[in-house]
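One chain comes next, on its own, written out as structure tokens in the form predicted alone.
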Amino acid sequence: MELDNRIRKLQDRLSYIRDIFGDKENANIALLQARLDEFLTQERGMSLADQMRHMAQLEDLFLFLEKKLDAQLTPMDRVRIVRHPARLCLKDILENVYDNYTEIGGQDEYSIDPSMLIARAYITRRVGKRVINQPVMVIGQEKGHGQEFRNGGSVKPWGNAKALHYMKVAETENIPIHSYVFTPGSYPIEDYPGAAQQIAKNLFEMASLRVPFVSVISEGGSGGAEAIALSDMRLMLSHGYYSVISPEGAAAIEAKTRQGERVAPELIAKCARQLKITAADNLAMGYVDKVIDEPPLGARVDHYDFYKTLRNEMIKATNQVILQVKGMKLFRSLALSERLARKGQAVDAEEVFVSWNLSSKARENLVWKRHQKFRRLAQTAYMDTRTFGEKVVGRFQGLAWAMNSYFRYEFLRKHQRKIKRLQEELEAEVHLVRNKVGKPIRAVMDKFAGGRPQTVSEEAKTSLTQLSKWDDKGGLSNGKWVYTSPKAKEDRTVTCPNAETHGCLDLWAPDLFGEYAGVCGYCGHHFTMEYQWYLHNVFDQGSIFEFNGQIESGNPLGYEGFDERVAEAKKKTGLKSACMTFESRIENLNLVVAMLVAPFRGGTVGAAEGEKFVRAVERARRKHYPLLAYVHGTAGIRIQEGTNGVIQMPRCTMAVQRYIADGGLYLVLYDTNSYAGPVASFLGCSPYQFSIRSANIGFAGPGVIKETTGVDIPPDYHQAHQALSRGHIQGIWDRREARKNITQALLTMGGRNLYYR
């Protein structure tokens, strides 16, 4: 029986190896197959002692060649490892890393979303004579071992909402959070609360969680990974991958395949290599803090020694996060340092006790360090063509703004607020007394004068309480728009796409794209307009001052052929990236604007765009200006930049979170097509999101949804009115009224000072 079990295990190992290496011919795999077949042929003629001896030799050969094969793994082989049903999963970790746990928020297929598993767990250890129980909240995607109801770890919006709920519970209880990322990506569904909106909410809240947060990445697919991984310490399993998109998805985009067409395996493997998705790649780029070594060919269910390693690393990482923000930490920090480990002394975190409770001050320091950590990321992934002198001037200018804001809004206003409050109280008292004394006198005077109570006209009420309505003169300057689309010069007629259903008549292009600003005069359908239309027709004339224009998009991964494509986009558009950042005015109200421009690579966001957005947010915070993100269009994160792009989701969201926490007013206005990572992070986290009519907003486009889920979605699935009905946006505007409605939004949402506090 023992021999049969050992033979079965070797057969399973060989089958696993074949699954990992696919159809590739490999002499080492062929040798293992030959030796196993030879043993199975000869075993019946051997004595029991010879069988055991040959079995031991065969097991040693397997171990030796597995190590050899491990060194030959390609990035695509590692993708197959993390997807394999034999891969360890979160329940295996809970059973073997933690000493006790209770699953919460539902169980197995009866959970609100079986792809997201939450557990309240304990780590118990003996330090000296004491037995210490340290609680922790464990959150992660659960793929299981071939359990279909787990949806492959692809989490739906309500699964991410469940994760966020228990993150906040952990914050209330002041216990650390351990998250484990096992997802190919989030499920692209827009039913309430919507995939994009919920991921954005998770990122926004994680940015300010006041408890230690450690995450481990096994399979990290874009926004699905970011939904639970904005942490103080990010670890990665050595055979895992962390990417902006799956290799198959990248290959489909590169090959420009149509729905249902297959991509060549060679192109998929090439994309996996170019995207730099492995643990070593991400460690080198700085997007993970440490790589945890796995057994050869990846950690599986029965690798019990690996669980000990993982447990030690999780305890050590949590200790390190806490010691960074606690006092009296010198000797314990030295005990946990990697320096000792490099000198040959094994670092056993079990022997070092660190209390996982944080004081209020330490928790504030923790959040600040998290912001600093993500702000420093991706600094080498874009091109900055400013001279050294310009960079120095920029730093001094930022410092001057910060000092001015401190004295103006913190130091002086503190006393002004006290005086103002006292003044308001006195005015209220005087007003009350005046009314009490003056009311009888006014009544007598009105009686003798035959006066009537004044009434407010309906027109006045409407102008004060509602968004303005379009009229022929409303947005025009001297009867004409300041900027007219070049399409208005075409002598042709244009048919509205709603002609069959709404009976729209054909429109003459000079009228449609000139006087009508690209809006059908019959049904109100909005045709696409250039971003320049907004620059010239929404903001005050001559008020636009662009900054950070020298930050350019590049090719940080050295992706084959991408330098030429970026250069072509720069030449075609005259822009250096897909993000324009500028200061401007609307009706003499100052504001900072970050604009994602669709003509530049579809408005995709990479390292340059993320950095420019972060700097725009910081500028608005320092100068106490409102911030407008105008999305002329975005196709998501730029896949050719890999994790250099996807890391912009947490980076930009953290900048926005700090700005809003400091009292900033952040508005988002969508136009045309706005999808994926930006919508699921720094755009979707705004409390005030609006849309130009006929815009499409969502997490994934119709083609991606069909490819990943097999579901055909309705034609209007992503339209603005659907986004409004599920609460993603707060209003839909006519393009011609954008200037008036932005002005009203600034005044009513920001108040007289255009700042919350």
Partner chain sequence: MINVKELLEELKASPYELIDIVAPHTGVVEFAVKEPGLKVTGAHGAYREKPGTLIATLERERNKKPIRATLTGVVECFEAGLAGRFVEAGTKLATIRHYLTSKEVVDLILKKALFLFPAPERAKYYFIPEIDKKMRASGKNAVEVRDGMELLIMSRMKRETSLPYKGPDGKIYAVYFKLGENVDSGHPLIGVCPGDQLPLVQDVVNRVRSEWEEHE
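The shown structure was predicted, so the numbers you read here are calculated from the model rather than taken from an experiment. Numbering follows the first chain given and starts at 1.
Beyond the structure shown, there is the form predicted together with the partner chain, which is absent from this document and is the topic of what follows.
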Contact of L267 with the partner chain in the predicted complex (heavy atom, 4.5 Å): no
Interface membership of D506, the partner chain in the predicted complex, 4.5 Å heavy atom rule: yes
Distance check, T495 to the partner chain in the predicted complex, heavy atom within 4.5 Å: yes
Distance check, G727 to the partner chain in the predicted complex, heavy atom within 4.5 Å: no
Interface residue in the predicted complex among M52, L65, L58, I713, criterion: non-hydrogen atom within 4.5 angstroms of the partner chain: I713
Among the candidates Q72, T387, T501, Q107, the residue which, in the predicted complex, approaches the partner chain to within 4.5 Å (heavy atoms): T501
Interface stretch in the predicted complex with the partner chain - options 359 to 367, 80 to 88, 597 to 605, 484 to 492, non-hydrogen atom within 4.5 Å: 484 to 492
